[in-house]
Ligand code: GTP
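One chain follows as structure tokens, the form predicted on its own.
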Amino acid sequence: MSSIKYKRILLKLSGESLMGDQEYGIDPNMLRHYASQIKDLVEDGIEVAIVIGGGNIYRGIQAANTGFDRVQGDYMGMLATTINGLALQSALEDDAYAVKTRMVTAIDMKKIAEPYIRRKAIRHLEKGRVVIFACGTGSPFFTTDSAAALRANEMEVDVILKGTRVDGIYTSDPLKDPSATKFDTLSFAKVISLGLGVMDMTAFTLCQENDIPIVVFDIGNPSNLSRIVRGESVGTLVEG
């Protein structure tokens, strides 16, 4: 454990990250991809909290142009995060990985998950269980990025790890702009001044005010999570 830099982490996964090459929905191969990496962390004694989005399911509904208002849409998105959380929980607890988990929801769903109680969630982490947070903050108008920042502060984690499709933060979208250059480290102030879309501003301010670093990295590389918790320079580190 002497080589571990971050003992308690919060992993932020987007719903889209579960899609794989599909247009929406859940790709079982992606679930296995994440379960394998998370198992390695748990075996190294890392306490893992996860906040998961719902865009892979909700965006599929949006495509039908059904015209839901913002509040109804946000609640639908919260239900989508619950579906994703259940899928990830099932993958982690599969015999192939056998990771102990608890899913916690910000909206009461006692038949399928525990209601969020801060002290209880912390105790789960201390006992080596992976805690999956679903339903965002439980309130409309807040993104799952905001939920990740909120839970990170409440769980007193050492770092937020935000998995993306690219290997860090760039001056512009590297998937669209081949001249984009990557930052290895950034200050919170620099991210704000450059208007870089790391997380939404509510989430970002929470991390800045409470001095919680954020690492933005390529979640597709199966070795990255293990390297980050050991303090290796992977992706882009944002800190005060």
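One rule holds for the numbers: they count along the sequence shown, beginning at 1. Everything numeric in this text was worked out from a predicted model, so none of it was measured.
Keep in mind that the form predicted together with the named molecule is missing from the display, and what follows is about it.
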Testing 160-168, 146-154, 120-128, 67-75 against the named molecule in the predicted complex with a 4.5 Å heavy atom criterion leaves exactly one stretch, namely 120-128
Whether Ile107 contacts the named molecule in the predicted complex should be assessed with a 4.5 Å heavy atom distance threshold; does it? no
Any of the heavy atoms of Pro115 lying within 4.5 Å of the named molecule in the predicted complex? yes
Output the sequence-ordered list of residues from 67-103 with at least one heavy atom within 4.5 Å of the named molecule in the predicted complex. Arg102
